[in-house]
Each structure stands twice: as C-alpha cells, then as structure tokens.
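Here we start with a single chain on its own, the form predicted on its own, put down as structure tokens.
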C-alpha cells in the first residue's frame, strides 16, 4: 500500500485477496500512474511488487485484467461516495456540497489511483470499457439528480442541467491530475473550495461560502 492510500481509506484495496494479488495491484497503480499503461510491462509491475513475472500470472491473466480490476474498484468507490451524499439529509445545495467535497477529497487523497482510474479508460478492451462507461453514466446520473433537485426546489438557476453536470464532473475529476501532497491545500480544503465553486456554477440562490463551509 502506498503512503497515499493510507490517507483517506484505511484499506482501500481490502477487497483484493490474497495479499500477493493486492501487492501486484498496488504496484500496477503506481506503474500505470508513473509510466502510463502502454509503457508499463508486466515485468515492471512484478518487480515493484517484489515478485517474479511468472508470479503475476497466477493472480492476473493479463495486464489489462489488472487495469480493469483497478478501474472497477475505483469507479465503484467514486459512485458510492456520490450516492451516499445524494441519499443523505439536507437541502439539495447541502447534499451537492457534501457530494462535491467527498468526491474531490477522494480524488485528491487518492490522486495516484484516481489518475489511473480516470485517464486510462481507453486502454481497456471493448467489453471492459463498456462496463466502466456504464458506471460513469451512473456517476453522472447522481450529479444530474442533485442538480435537478436543486432546480425543482428553486435553489439553483441552471439553464443547461446536462451541460452543467458535465462541467461539475470535469472540474472534480481533474483534481487527480494536478493535486500535489506537498501543495498548500489539503484534500479536505480543496474539497471545500470546490464545493463552493460548484454551488456558484449551479446558480445557488443562497450563500455558497456559507453552505460549503458548513460541511467542514
């Protein structure tokens, strides 16, 4: 487990067993994030895990299977974060703020994993890619649901809910590309900032800073 992975989830890869399979998956995340999927070899992954290349094939048939496993777990986690916030209590603005804070916080704290999850989709084969795209559509749907709730409640002023949903998700996901643990903001601070920005994007009729700050 990388130092990053200990920050937000105590055991983010706990569903991956046995230990050797987990070590290989963590090594793959690091290699894919550093070198890119296509430039990474199975030998690179096995070496990072302190194992032989032959040992990798005991747990994963191909390099693509590793990427698919990483993508599936990462997208399931991101969807769960948003779904939990959307199903929580509070006004649409409050729930959207919680959703953005949590979603952005995860992409910052787990930025190495999130970069692989979000930016290596095209390396997957047709079947695996279709599965992940379906999960992304469900993720999009949660944000769209929150935006629509706010419009119906009279809290948001949104002329294009579909376009706004895409903009919100793009803003949040891009955190994984630039976040630096040595930077001046923590994952939670970035999450709070983005929650306020998103409330402004959806034309929240109240005080975005107050609602976003209340989630701290």
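Positions refer to the first chain, counted from 1. Only a predicted model underlies this, so the values are computations on that prediction, with no experimental measurement involved.
Not on display, but discussed next: the form predicted together with a further copy of the same chain.
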{"item": "Partner-facing stretch of 66-74, 28-36, 43-51, 147-155, counted where any non-hydrogen atom is within 4.5 angstroms of a further copy of the same chain in the model of the complex", "value": "28-36"}
{"item": "Partner proximity in the model of the complex: residue 21 to a further copy of the same chain, non-hydrogen atom cutoff 4.5 Å", "value": "no"}
{"item": "Proximity of residue 139 to a further copy of the same chain in the model of the complex, heavy atoms at 4.5 Å", "value": "no"}
{"item": "Residue 57: touches a further copy of the same chain in the model of the complex, heavy atom cutoff 4.5 angstroms", "value": "no"}
{"item": "Interface membership of residue 170, a further copy of the same chain in the model of the complex, 4.5 Å heavy atom rule", "value": "yes"}
{"item": "Residues within stretch 165-187 having a non-hydrogen atom within 4.5 Å of a further copy of the same chain in the model of the complex", "value": "166, 167, 170, 171, 173, 174, 177, 178, 185"}
